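Starting off, we have a lone chain in the form predicted alone, written out as C-alpha cells.
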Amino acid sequence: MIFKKLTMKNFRVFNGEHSLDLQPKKDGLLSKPIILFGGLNGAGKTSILTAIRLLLLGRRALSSIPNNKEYADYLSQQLNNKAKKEDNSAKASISLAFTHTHQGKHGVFTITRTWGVDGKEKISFEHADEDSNLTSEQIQSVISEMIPPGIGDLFFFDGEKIAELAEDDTGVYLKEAVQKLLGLDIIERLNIDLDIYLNKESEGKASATIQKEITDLQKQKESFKAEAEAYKEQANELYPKITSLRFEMSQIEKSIQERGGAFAITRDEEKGKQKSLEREIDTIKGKVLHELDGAFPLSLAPNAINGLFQQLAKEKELKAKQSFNEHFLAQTEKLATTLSSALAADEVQVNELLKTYMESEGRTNAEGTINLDISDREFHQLESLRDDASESKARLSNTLSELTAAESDLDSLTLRIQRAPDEKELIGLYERLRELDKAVAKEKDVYKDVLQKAQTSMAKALELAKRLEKLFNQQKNEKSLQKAVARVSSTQGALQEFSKQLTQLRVAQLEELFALAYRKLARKEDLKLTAKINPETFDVALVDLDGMEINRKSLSAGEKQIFAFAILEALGKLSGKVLPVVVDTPLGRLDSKHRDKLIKHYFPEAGEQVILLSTDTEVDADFYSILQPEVSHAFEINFDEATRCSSVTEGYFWENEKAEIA
C-alpha cells in the first residue's frame, strides 16, 4: 500500500481544502521513502496523523471504541472552528487515495469521510472494480480486510503511543498485538463456530418435543437479549442528560463562587465570630493596661535601674564599714588595756596608736556619701519590684502578640463580611441549584432503573442460554450425535495444539526480529542484549550476555523508547503487511545518540513509504542533512495566530528561509 494523496477540508486546524502529495519520488532508480512534515507544536502535525488513522480505522482510531453518540460528538469537534463560525452548515471531509492489491486486484482506491456539525458521517469508497454502492458498514469491512484491526497501531502512531508501549510493564498491549497478528482470534472464532455447529446438529437430531422446547427457548433468549440491548441504548441516551445537568450545576456553582457565595452562606456565622473577637480584644487590652500599671515601666529604663542598684549596693557596703568603725572605736580603750597588759607596754601609747590607726585607715575605708540611705527591707522590696518588671515585660510582649493576632483576625473577618453579598441576591441561583440537584437525582434513579432492567433481561437471557446448553449437552449423549461430538472434539483439540505450536513458532520469530531491530537501534554497549518473550503472558525480557534478565524499569526513558521502536518494527515485519509508516513527533524524549540511531537506521528502513511528522528541534539542521538523501519531499505546516488556522507549503523550516533569502 502506498498513499498517493491526502485531502483535508475544514478538518481541525485546516480551514478550507488542503491537498498533500504523499507519493514517494525516486532519484533515478533509487527510491526516497521519507515524506517529511515540519511544524512547531500546535501547528497541525497530529491532525495529519489523525486524518490518516480516522480514514482507515474509523471509530477504532480512538483510544477506546465509542458508541454512536460519542463518535458523532468526536467528529463534530474535529470540524474547523473558523468554518463553523462562518457557516453553520459547514462540512468537514478527509480523503485518502492509495494504491493497493485487494483480493488479487491492484489499483487506486479512494476513501472519503464527510460529516457536518451534527457529526453524522458519510463514507464513500471508489475503485474501478469494487461496488460503489456499499453501505458504510460494508466499506469499513473492506478497509478492515486491507488493514486488520490492531495492525494500524503498528504502522500509524505518535510519540504518546511509543511512550505508552515503552512504559507498559503488563504485557497487555503486546499480548493483544501478537494474538491479532498470529490469527489466534480466528482460532477462537473457529472454536465458537464448532460449538454452534454441534448445537445445530443436536437440534436436528432431537425429538419434536425437545426441538419445540429448544425453538421456544431460543426465541425467548433472543427476545430478552433484544430487550437488554434496548434498555442499554435507553441508558446511553439518558447518561448525556445527567452529564448536561451536572455541567449546568457546575456553572451555577462557579457563578455563586465568583460572586462571593461562599461568604454569603457563612455570613451570620462570621458575624458571631466578629462579636466574639471584639470581646476577646477588649479582654486583651485590659491585660495590657494591667501590666502598664504595674512594674513594667521599670523595665523601660534598665540602665538607670542597674545604676540605682549599684549605688544601693555601694551604700550598703559603706554603711557596714562605718558601723564597724564606730563599734571598733567604742572598744578601743578596752582593747588598749588588754594589749598593754599582754605586751607589757604603755597603755596610753597603745590607746593612742589604735586611735591614730582608726582615724587614718578606718576613715579611708569608710569614706563616701550616703544619699539614698534605704533600709534592708526597702532594698529587698526594690529587688522584688525589679524582678517583677522583667517578668511583666515578657508577659506584655506575649499579650501584645495576642492582641495583634486578634486584631488581624478581626480585620480579615470584617473584610469577608463586607465582601459577602446579601444571600437574597443569590437566592435565585441557589433555588436553581436545588432544582438541578433534584433533577440529577431523579435522572440517576431512572438511569439506574433502566440499567437494572437491562441487567435483569440479560440475566434471564443467560439463564435461558444455560438451559439451552443443558438440552444440547443431553442431545450430545445420543448415539446419533456421538460421531459429530467426536469430530468436533478432535478438531478443537487439533486447533488448540495448532494454536500452541503456532504461538511458539511466531514468538521465536518475533524474538529474532526484535533482537535484530534492537541491536540496530541501541547504543554500542547494548548490542549484546537479546530478548526472551513468554509465549503465555507475552512479557518481553531483555537478557544480557550472561543470560541475566534486565529489569525494564531500570531503563532510561530514551532506552525504553528504543525498546518500543524495536518492538513495533518487529511486530510490523511479523505481520507480513506492507503498509506505509506514519510517525508523529517520535524523538522528544531521546538523547542525541538515540536520535542519531533512529535517523540513520529506523526511518530510512521502516518501510517503502515513511511519513515523518517532526518539530524543528527533533529533526534539526544536522539531522536533516543526514536524512536528506532519503527525503522524497518535505512540507512545512504554518499556524496563523490571527485566524487560528494552519496551512501547508512545500519545503522544510530553514530550507524555506534560504529560498526566501535567495
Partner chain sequence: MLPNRMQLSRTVEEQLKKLKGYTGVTPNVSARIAFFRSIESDFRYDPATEYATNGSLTLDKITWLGRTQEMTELLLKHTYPDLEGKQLQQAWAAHVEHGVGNLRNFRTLRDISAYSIKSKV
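Numbering follows the first chain given and starts at 1. Predicted model, so just to flag it, every value in this text is computed and none were measured. If you superpose the two forms and keep the largest set of C-alpha atoms that fall within 1.5 Å, you have the rigid core.
What comes next is about the form predicted together with the partner chain, which does not appear here.
* Heavy atom within 4.5 Å of the partner chain in the predicted bound form - residue from L343, L289, I427, V348 -> Result of the distance check: L289.
* To do: Name the residue from T404, T209, S89, S490 that puts a heavy atom within 4.5 Å of the partner chain in the predicted bound form.
  => Of T404, T209, S89, S490, the residue with a heavy atom within 4.5 Å of the partner chain in the predicted bound form is T404.
* With the partner chain left out here, work out from 500-508, 566-574, 382-390, 457-465 which stretch has heavy atoms within 4.5 Å of it in the predicted bound form. => This holds for exactly one stretch, 382-390.
* Asked: Is F309 close enough to touch the partner chain in the predicted bound form, meaning at least one heavy atom pair within 4.5 Å?
  -> It does: once the partner chain is placed as it appears in the predicted bound form, F309 has a heavy atom within 4.5 Å of it.
* Give a yes/no on whether E378 approaches the partner chain to within 4.5 Å in the predicted bound form, heavy atoms considered. => Heavy-atom contact with the partner chain at 4.5 Å: present for E378.
* Would you please decide whether Y447 lies within 4.5 angstroms of the partner chain in the predicted bound form, comparing each non-hydrogen atom pair? => Y447 lies outside the contact set for the partner chain.
* Asked: Closest heavy atom of S397 to the partner chain in the predicted bound form, within 4.5 Å or not?
  -> It does: once the partner chain is placed as it appears in the predicted bound form, S397 has a heavy atom within 4.5 Å of it.
* Using a 4.5 Å cut-off on heavy atoms, what residues in 282-304 are near the partner chain in the predicted bound form? -> Heavy-atom contacts to the partner chain in the predicted bound form: K285, V288, L289, L292, D293, G294, A295, F296, P297, L298, L300, A301, P302, N303, A304.
* To do: Would you say whether N398 is displaced between the shown form and the other one, judging by a C-alpha shift of 2 Å or more on the superposed rigid core?
  => Shift at N398: 2 Å or more after core fit.
* Does superposing the core leave G294 with a CA shift of 2 Å or more between the shown form and the other one? -> The answer is yes; the displacement is at least 2 Å.
* Taking the rigid core as the superposition reference, indicate whether the CA of T110 shifts 2 angstroms or more between the shown form and the other one. => The answer is no, as the C-alpha of T110 shifts between the shown form and the other one by less than 2 Å after core alignment.
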